[in-house]
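Shown below, as structure tokens, is a lone chain in the form predicted alone; questions about how it binds or moves come after it.
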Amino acid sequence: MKLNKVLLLTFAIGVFFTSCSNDDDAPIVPKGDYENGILVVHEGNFGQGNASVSFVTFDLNTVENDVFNNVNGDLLGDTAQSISFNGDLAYIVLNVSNKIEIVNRYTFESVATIDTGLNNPRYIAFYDGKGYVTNWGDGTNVNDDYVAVIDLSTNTLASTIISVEEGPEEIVVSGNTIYVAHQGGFGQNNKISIINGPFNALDKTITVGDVPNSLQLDSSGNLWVLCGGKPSWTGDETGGQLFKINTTDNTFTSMDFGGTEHPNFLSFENGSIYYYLGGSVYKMDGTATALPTSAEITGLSFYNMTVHDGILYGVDAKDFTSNGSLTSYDLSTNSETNTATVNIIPGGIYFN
């Protein structure tokens, strides 16, 4: 009996290790051709319907332009503003076409198109089975801006329209709260809208600096808001400001830039904040109480930028009529590592 038990135990252990070995050796099936790499969204030329998305490998050595057209045999539309991910889906917001193209983020096969109830859409964020889309409305009307609510199960607009301040732009979700930055549309604004997700209603607004252009949540749940300030051509120039909002009670602190300094493109990684100012990239610790006085990288010309896994990626729109570029920088040495030619007016950088 004892021998039989030993043999049975030996057999069971052998099966266990064989099973583990088989699991380890099982091939990983790729989700699609665009699973591992960078997606660059391009505005294209205004009114010409040549917006596009490019796929670029992380080392920037391989570029495939016009991915949507290549996969679906159709043009994307006019003025691609942004991309947001929800699970396996990518939502491409097209500003002038007044639509959202939904694709599988890894294969880029078309899933659905939302082309009703949108008016100058800009960005989309997700909460509890719903998509929240910022809309400028008619640029000449300061009272028609709104956040459209999409039922993600049917990819149709729900009946709810949340009226908000002029010029809603970037939008992020923290818990059950949705934050919207009001850059000002065709003008300038200085508000953050706070939307109650469960009730789909505007809770309150916070006044921040002029022209809030970037939102980032840190690992502690604080919301960072970078405000560019009013540009000089307005005749009422103001300097930029950086706000840190405690999302539990919406209290905040702020730091001021110089009166003629207009920062943009806020990015947050591993406790560090990065932003772009006057052709340079600056870095500061998330616990700092003062802005940095010296830049990490200088001599740049970015139309947008972001940081991912210790690498800074920046796009240059060049002359806005010919192909732009994507360039990477190793932040451990602050040195350029590679550059790639992409399509016309690259405006956003995303990671699959």
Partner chain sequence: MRHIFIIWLLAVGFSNVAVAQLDSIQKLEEVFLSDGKLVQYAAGSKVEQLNDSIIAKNPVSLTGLLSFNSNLYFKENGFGMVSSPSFRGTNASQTAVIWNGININSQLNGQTDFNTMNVTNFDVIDIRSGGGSVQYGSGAIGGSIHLGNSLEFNSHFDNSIRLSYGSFNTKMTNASSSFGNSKFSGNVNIAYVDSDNDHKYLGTDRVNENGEFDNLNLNVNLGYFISDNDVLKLYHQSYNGSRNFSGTLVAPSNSKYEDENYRTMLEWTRISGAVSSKLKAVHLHEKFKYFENKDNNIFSFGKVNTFILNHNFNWRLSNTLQFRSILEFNQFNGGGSSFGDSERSAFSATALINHRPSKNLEYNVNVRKDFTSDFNNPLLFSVDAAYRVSNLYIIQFNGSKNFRIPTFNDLYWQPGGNLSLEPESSYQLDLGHNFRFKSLNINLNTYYITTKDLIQWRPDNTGVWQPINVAKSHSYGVELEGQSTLKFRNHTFTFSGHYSYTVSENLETNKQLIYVPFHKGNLSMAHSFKSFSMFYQQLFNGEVFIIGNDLDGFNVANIGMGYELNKKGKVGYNVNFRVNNLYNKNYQNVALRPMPNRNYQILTTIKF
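All values reported here derive from a predicted model rather than from experimental measurement. Residue numbers count along the first chain shown, from 1.
Another form exists, predicted in complex with its partner chain; not displayed. Remarks below refer to it.
Proximity to its partner chain in the predicted complex, taken as a non-hydrogen atom within 4.5 angstroms, holds for one residue of 250, 155, 216, 98, which is 98. Out of the listed residues 238, 183, 82, 120, 120 is the one that sits within 4.5 Å of its partner chain in the predicted complex by at least one heavy atom. Contact annotation for residue 167: none of its heavy atoms lies within 4.5 Å of its partner chain in the predicted complex. Contact between residue 292 and its partner chain in the predicted complex is not found at the 4.5 Å heavy atom cutoff. Using a 4.5 angstroms limit between non-hydrogen atoms, residue 75 touches its partner chain in the predicted complex. Remark: residue 52 does not count among the residues lining its partner chain in the predicted complex, judged by a heavy atom distance of 4.5 Å or less. Just one listed stretch, out of 34-42, 317-325, 53-61, 304-312, contacts its partner chain in the predicted complex at the 4.5 Å heavy atom level, and that stretch is 317-325.
Contacts of stretch 328-351 with its partner chain in the predicted complex, defined by any heavy atom lying within 4.5 Å, are made by 344 alone.
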